[in-house]
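Below sits a lone chain in structure tokens, taken as the form predicted on its own.
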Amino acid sequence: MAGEIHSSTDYIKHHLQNLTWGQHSDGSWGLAHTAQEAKEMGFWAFNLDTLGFSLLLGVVFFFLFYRVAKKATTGVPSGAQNFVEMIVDFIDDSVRGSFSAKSDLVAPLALTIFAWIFLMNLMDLVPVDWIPGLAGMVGLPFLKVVPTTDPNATFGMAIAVFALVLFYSIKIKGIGGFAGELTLQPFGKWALPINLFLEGVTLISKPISLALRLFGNMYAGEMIFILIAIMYGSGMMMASFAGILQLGWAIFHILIITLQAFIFMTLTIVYLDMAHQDH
């Protein structure tokens, strides 16, 4: 595939294309070797890179925290234990500050969301050509290494949170209470259609805002790294300038990837807190 990249536009499109597996127009199943083939595969295609890196990073998170928890000691803690305890205390403070009800799910969920999204975002700091270049050497036409730049991943997580919000809204308030929230506020029973419209938009906007905020910020960050990478092929002076830009943007991007993981986690806690409140 590298031989088919003839311009900056081709380079950008190549790096923004997922490794897609699905059904071809002739009925056979396999990898898409062009963006058009991936488009023709339709809704039921699978982005193998998004799924693969998401699962891999989830396993990394689980393994690291499990290993530290298994070796935890009340004596002199190791550096890894100090780091994990710092993260756990941070999550605990965030949950205590934003969640007023009692639940055994919210704190572990918040920890999982923050750590998992942070690890997925962190992949954006890997130079854009390293892993895709290795993938091309083994015959893979495309490979995106940052799962959160794929809206399928961000919407998947957001919809899972939304399902929990609906579950606890009905569990705590009952079907009647939940329906009453959607139809009787803020203007009372005489404005039921208006109430339903306003509350319905507010409800549906929760997963959309969660997904698009994370996707938009990470996609923009990835695009900047790709544009900087193009500068390396424009002569020695531009390559030197690109190196400075890449370092500066990488340092600044550490703040972005952490902030986006924190925002997704915080909004999840707030939405679940609202679901537990019975008006």
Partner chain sequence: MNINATLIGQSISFFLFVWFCMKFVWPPLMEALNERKKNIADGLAAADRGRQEHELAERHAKDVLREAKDEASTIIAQAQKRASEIVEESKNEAKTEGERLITAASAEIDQEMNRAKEALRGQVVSIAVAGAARVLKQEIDEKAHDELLEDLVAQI
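Positions refer to the first chain, counted from 1. Here the structure is a predicted model, which means the values were calculated and not measured.
The next section is about a form of this same protein that is not shown, the form predicted in complex with the partner chain.
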Of Ile113, Leu184, Met123, Leu203, the one that lies within 4.5 Å of the partner chain in the model of the complex (heavy atoms): Ile113
Of the residues Ala135, Leu119, Val84, Val128, which one places a heavy atom within 4.5 Å of the partner chain in the model of the complex? Val84
Does the partner chain get within 4.5 angstroms of any non-hydrogen atom of Tyr232 in the model of the complex? no
Is Met236 one of the residues lying within 4.5 Å of the partner chain in the model of the complex, judged by heavy atom distances? no
Classify Val146 as contacting or not contacting the partner chain in the model of the complex by the rule of any non-hydrogen atom within 4.5 angstroms, answering yes or no. no
Spell out, yes or no, whether the shortest heavy atom distance between Asp92 and the partner chain in the model of the complex is within 4.5 Å. yes
Among 97-105, 172-180, 194-202, 135-143, the region lying within 4.5 Å of the partner chain in the model of the complex by heavy atom distance: 97-105
Look at the candidate spot formed by Tyr11, Gly216 and Leu245 and say whether the partner chain comes within 4.5 Å of a heavy atom in all three of them in the model of the complex. no
Residues in 137-161 with any heavy atom within 4.5 Å of the partner chain in the model of the complex: Asp150, Pro151, Asn152, Ala153, Phe155, Gly156, Met157, Ile159, Ala160, Val161
